[in-house]
Every structure is written in structure tokens, then in C-alpha cells.
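Next comes just one chain, in C-alpha cells: the form predicted on its own.
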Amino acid sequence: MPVGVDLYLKRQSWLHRVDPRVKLLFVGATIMILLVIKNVFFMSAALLLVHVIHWSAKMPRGKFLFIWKTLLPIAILISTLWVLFYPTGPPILEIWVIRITVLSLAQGGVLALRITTMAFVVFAWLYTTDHPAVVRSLVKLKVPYEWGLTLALALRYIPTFQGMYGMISEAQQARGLNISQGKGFRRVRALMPIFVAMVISAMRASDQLANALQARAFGASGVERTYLHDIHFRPLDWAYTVFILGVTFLILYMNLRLGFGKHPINLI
């Protein structure tokens, strides 16, 4: 029976020990680079590098498979639509009105690899940073505490509701509900008992959460919040920060001045 799980995985790895603000910087810098670069070989190398980072952080195989199972259909759909609707350059294959070109294949591959790499980068942050650290890092960056707590609660309850949906679905099917019957609106009607139970469970969880926050004086004016375990920059975190900023500025400079990564196939 599925149960609610947390995105954070407790491990003893170098990435878990990195300051959350450095990981946020890494996520932002990587997304910026991926949006600027349009080369399929660079995107492939970036995706491979992110996989190495996940592996070095001792991420289990199931997490890799979860991300790929979620993103692979989307990546295939995006690349296929691009190839079909944006054929540029000399065709290598023509079937009726369909023209397939090398350039369109490379451009579609860039889009698919970009989305996949971005997702792996974000999951690397979520898998290695617990929710209190996420809140503290945002507060250190002058983000209001309420915003950081809202983000942390959303990240916490997404897998919880996913597990809740699995349990309710299995319980309803054990009572004779057939959710595989029909298509379209009929299938939606078949899923209505699950949706109703999900809404009731969500409202119950929100009420419990509100009572818990109220019992902890959340939102009380004139109260300065303290932390049992605060976050601090270590010398190694400063080194990571300098390295990330240096690599980011170097790639952006090469892209603007030398045209690095502007062509889907040729690096320069």
C-alpha cells in the first residue's frame, strides 16, 4: 500500500553538507546557462554531469527511475512536435507533408534535454535539503518566513497527497470500484469517489495543519523566531560559490562574445 513519502533523502554525502544557499545558487545558475545555451552536445554533457552529481550524493536507483518515468514521455512529445512542426534546413527524410531535418532533430533534442536537465537539477536540491534548511536558507536570503514555510509545506505535502491518492484508490477498488471503465467523461465519473475522498482528506489535513501552526504561535506579532540548528557558510561553501559564479560568468561570456553554444550542432 503506498504511503506518503518525503522528497528529502537523509544521506551522508558531500552534497547534503553543502549550504542550502549554495545549492539554490547552483540551481539558478544552471537554469540560466541551460536557457542561454542551445547546443545539443552541451545539453547532453550537462545532463550527464547532473547524473554524476546525483550518483555522488548517493541517490538510490529508484529516484532516477522516478524522474525518468515522469519526464521521458514529456521529452519525447516535445522533441517529436518540434521535428514535425518546425522543419528547418535540408531534409533527410520526407514522407508526404512531413519533413525531417538534422537541424530540427537537434533543436528538438535541445528542448527535451533542457527540460530533463532542469528537472534533475531541481530534484538534486530537493533530495538533499530538508525542509527546515529550505526555510532557513530563504530567510537568510531576506525572503519572508511565511513564504519559505509555504514552499516547504507544499514540497512536504505533494508526496503525501500522492501516497494518499494511492491508498484511497486501492481502498475504493477493494470495495468494487472499477476505475478502468470508459473513457473521457465516463472515466472522470468513475473517479469521483476518489476525488471526493481526496478533497475531504485534504480539508482535514489543512485543518490539522492550521491548528498546529496556531498552537506554535505562528504569525504572532513582535515575536522573533529562533532556530535550534542554524545554517552557516563554511570555507568550502565559499569555494563552491566562487566556482559556480566563475563557471557561469565564463560560459555566459563565451556565449555572448564567441557564440559558444548558440548553434544546435556546432559549439562555436
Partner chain sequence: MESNGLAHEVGDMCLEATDLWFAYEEGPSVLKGISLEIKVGDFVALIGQNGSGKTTLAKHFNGLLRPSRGRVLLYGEDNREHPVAHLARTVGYVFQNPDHQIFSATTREEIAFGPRNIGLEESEVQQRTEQALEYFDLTAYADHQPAILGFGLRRKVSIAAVYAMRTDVLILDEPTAGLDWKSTHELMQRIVALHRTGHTIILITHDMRLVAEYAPRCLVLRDGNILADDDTREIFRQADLLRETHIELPQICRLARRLEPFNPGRNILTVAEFLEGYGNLAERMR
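As the structure is a prediction and not an experimental result, all values here were calculated from the model. For clarity, a rigid core is taken as the largest C-alpha set superposing within 1.5 Å between two forms. Residue numbers count along the first chain shown, from 1.
Keep in mind that the form predicted together with the partner chain is not shown, yet the notes after this line are about it.
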Q.
Tell me which stretch of 75-83, 113-121, 92-100, 189-197 has a heavy atom within 4.5 angstroms of the partner chain in the predicted bound form.
A. 189-197
Q | Partner-contacting position among Leu151, Ala171, Leu126, Val143 - heavy atom within 4.5 Å of the partner chain in the predicted bound form | A | Ala171
Q | Partner-contacting position among Leu71, Leu177, Leu155, Val139 - heavy atom within 4.5 Å of the partner chain in the predicted bound form | A | Leu177
**Q.** Output flag, Met167, Ser201 and Arg204 jointly within 4.5 Å of the partner chain in the predicted bound form, heavy atom basis
**A.** yes
Q) Quick one: does Gly62 come within 4.5 Å of the partner chain in the predicted bound form, counting heavy atoms only? A) yes
Q.
Quick check: Tyr165 between the shown form and the other one - does its CA shift reach 2 Å or more after fitting the rigid core?
A. yes
Q. After superposition on the rigid core, does the Cα atom of Arg61 shift by at least 2 Å between the shown form and the other one?
A. no
Q.
Quick check on Leu35: with the core superposed, does its CA move 2 angstroms or more between the shown form and the other one?
A. no
